[in-house]
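Next up is one chain by itself, shown in structure tokens, the form predicted on its own.
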Amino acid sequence: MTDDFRPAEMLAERLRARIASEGPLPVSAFMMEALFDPVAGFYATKDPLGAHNDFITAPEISQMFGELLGLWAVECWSQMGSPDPVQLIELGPGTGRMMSDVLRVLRAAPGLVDAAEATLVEASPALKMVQGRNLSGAPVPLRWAPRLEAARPGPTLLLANEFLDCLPVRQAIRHDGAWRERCVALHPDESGRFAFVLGAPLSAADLALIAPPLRDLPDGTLVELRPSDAPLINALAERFAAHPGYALFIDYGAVEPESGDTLQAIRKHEKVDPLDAPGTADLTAWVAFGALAREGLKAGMQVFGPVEQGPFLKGLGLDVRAGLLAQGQDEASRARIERQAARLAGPGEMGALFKVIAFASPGLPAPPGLDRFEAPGAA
């Protein structure tokens, strides 16, 4: 057994004991333990990002991604009236690479770099150490917070790339005309393996979390519920009601409600069984952008987008920035920069799968690259 799998087996044993005591666990509970267990959870034990680890995010692909988001933040700060101080917050900051690239742009905006106070909202002790090393020369005061609510109050610019997909999801399956919770139990072969099973019928409150177009689908249909979205949106709305602010979220998912199982596990850049060796693989699920937008409106915020990542980045100047980086480079370097831009924005790459959505305090202008969200049926 490798070192990676020793803590995973400890976590698996605790999950087996919990199932024996409580009965089958909702998918969300299994996901929470596998990702965030303080001893053996995926994010608690190691740095999962990069070419030699488990997966690569957009900031690891190219500096251009973070630099363009930095330009977006500069423009939003100006539209807010250039407040001083301003809280620059990143949710799920990974290795700190994106924040480093954002801050490089802020160095060229003296008013903002002097006004900004940066907060990294991070749950992983391992990643905090990586972030601290990568941001040791940050030109702004830097601090960490365990959750958004713990960040300092004030005017805010918030960025979040691939944060929402890690929030635990629940799943439900239509069975005999009723929606029932999908749970995780022990496999009946007594091997100790985990298996999916049907749990109890959903309550009326839970049924309300299913998008209306999906509620009457036939038996066998699986839908996903995202109970963690509303608390996050409400915390953001409370912050934006007290002080002006913009928030930008980039993630993969669908705009309109869709049925189907999007829960996936990634280990060493390969898809694996989500129930195999909990704690050794990243568990994620698609973001429901339309539902997220409606939560934002319900909470009293302005909502902009969602749009595909490709057009958004190109609208911010991706092609121009790629051209500038390529100037004076050799042929191999120019080709690499071109590949990076294509991976970020190409329709067959991240450009279409990833979406961009923004939230803002009432009364602020639309942020760069995004139009106002109009809910179906809105006047």
Ligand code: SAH
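Numbers follow the displayed sequence, beginning with 1. The structure presented is a predicted model; accordingly, all values stated were derived computationally and were not measured.
Note that the form predicted in complex with this ligand isn't included here; everything after this is about it.
So, residue 237 and this ligand: in the predicted complex, are they within 4.5 Å at any heavy atom pair?
No - in the predicted complex, heavy atoms of residue 237 and this ligand never come within 4.5 Å of each other.
Would residue 60 sit within 4.5 Å of this ligand in the predicted complex, counting heavy atoms only?
Flag for residue 60 set to yes.
Mark residue 161 yes when one of its heavy atoms lies within 4.5 Å of a heavy atom of this ligand in the predicted complex, and no otherwise.
Close contact exists here: in the predicted complex, residue 161 approaches this ligand to within 4.5 Å, heavy atoms only.
Residue 127, heavy atom within 4.5 angstroms of this ligand in the predicted complex:
Yes.
On the criterion of a non-hydrogen atom at 4.5 angstroms or closer, are 93, 123 and 166 all touching this ligand in the predicted complex?
Yes, all three are in contact.
Candidate stretches 253-261, 114-122, 188-196, 291-299, one within 4.5 Å of this ligand in the predicted complex by heavy atom
Looking at the other structure, the answer is 114-122.
Just to be sure I understand the contacts: of 81, 177, 146, 212, which is the one whose heavy atoms reach within 4.5 angstroms of this ligand in the predicted complex?
Of 81, 177, 146, 212, the residue with a heavy atom within 4.5 Å of this ligand in the predicted complex is 146.
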